[in-house]
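We begin with a single chain expressed as C-alpha cells, specifically the form predicted on its own.
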C-alpha cells in the first residue's frame, strides 16, 4: 500500500521532503477550496521542485462540475505543471454517464500531453450528502473512461470519516471492482492510524491522508509534521507484516 500525503503549499511540501523516505506520493491540493480543492499551477511546479525527483507528485483539479471542457483544461494545466497523478473529484456528476463524459475528456487531455501520467477518477464516500454518483459506480466510470485509478474520499470535512459512510465491507467491494477492471484503488477520508488494519485487509493500493499527519490532527489549522508521517508509515508497515504473516493485528 502506497502512502499519499497532501501538503497545502510549498512550506508543507518541504516538511514532506524531510520525511520523503516514509511516503510514496506528494499530493497537491488546496483544502480551503474543498475536499479535492485545486491549488495554483505555480504551486504544483514549486512543490514538484521541492520534493525528491523520485517521488511522484499528484494534483487535484477540484471538486469539479459537470463541465467536461472546463475540467479537461484544468487537468491539462495540472499535468503541464509537473503532476504525475491527476485526480478529479466528480462532485457535480449525478449519473455515471456524466462521470464517464468528464473523465474521457480528462484522459484525452492528459494522455495526449503525457501518456505515462496516471488519471484518477475520485468519488465521495458521503455522496448521499451532496447528490453525486454512488461510490460503487466509480470503478466502472474509471474503467470505461480509460482512467488508471478509482478513488474514494469524503466531500464534507466535518469530522466524519471514510468508514462512517462506506463501511469496510463496501470499501472491500470498491477495491474488488477496481482490481477486476485493472485499476488502482485509492481510499482516503479522514483516515487515521486505527483504520490501517482494515485498509490493509481490504487490499487498497493507495491510502491518502492529511489530518492524521498534521499537528493536533487538524487538517486546516495544523501543519504536517515529519515525525507524524514517520509514525503513520511505521504503523502501515506493521499492519502489512502482520497481514502477510496471517496474524490478526491489534490496532
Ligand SMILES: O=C[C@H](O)COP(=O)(O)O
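Numbering follows the first chain given and starts at 1. Keep in mind the model is a prediction, meaning the values are calculated, not measured.
There is another form of this protein, the form predicted in complex with this ligand, and it is not shown here; the text below is about that form.
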Worksheet item: Place this ligand on this chain by superposition, using its pose in the predicted bound form; is the pocket open, or blocked by 3 or more ligand atoms lying within 2.4 Å of backbone or C-beta atoms?
Response: open
Discussion item. If contact means a heavy atom within 4.5 Å, which one of 71-79, 168-176, 105-113, 149-157 is the stretch that engages this ligand in the predicted bound form?
Written reply: 149-157
Worksheet entry | Selected contact from 30, 219, 201, 45, since only one has a non-hydrogen atom within 4.5 angstroms of this ligand in the predicted bound form | 219
Worksheet item: Only one of 197, 56, 211, 62 has a non-hydrogen atom within 4.5 angstroms of this ligand in the predicted bound form; which is it?
Response: 211
Fill in: Contact label in the predicted bound form: residue 188 to this ligand, heavy atom within 4.5 Å
yes
Practice prompt. Answer with yes or no whether residue 1 is in contact with this ligand in the predicted bound form, where contact means some heavy atom within 4.5 Å.
Written response: no
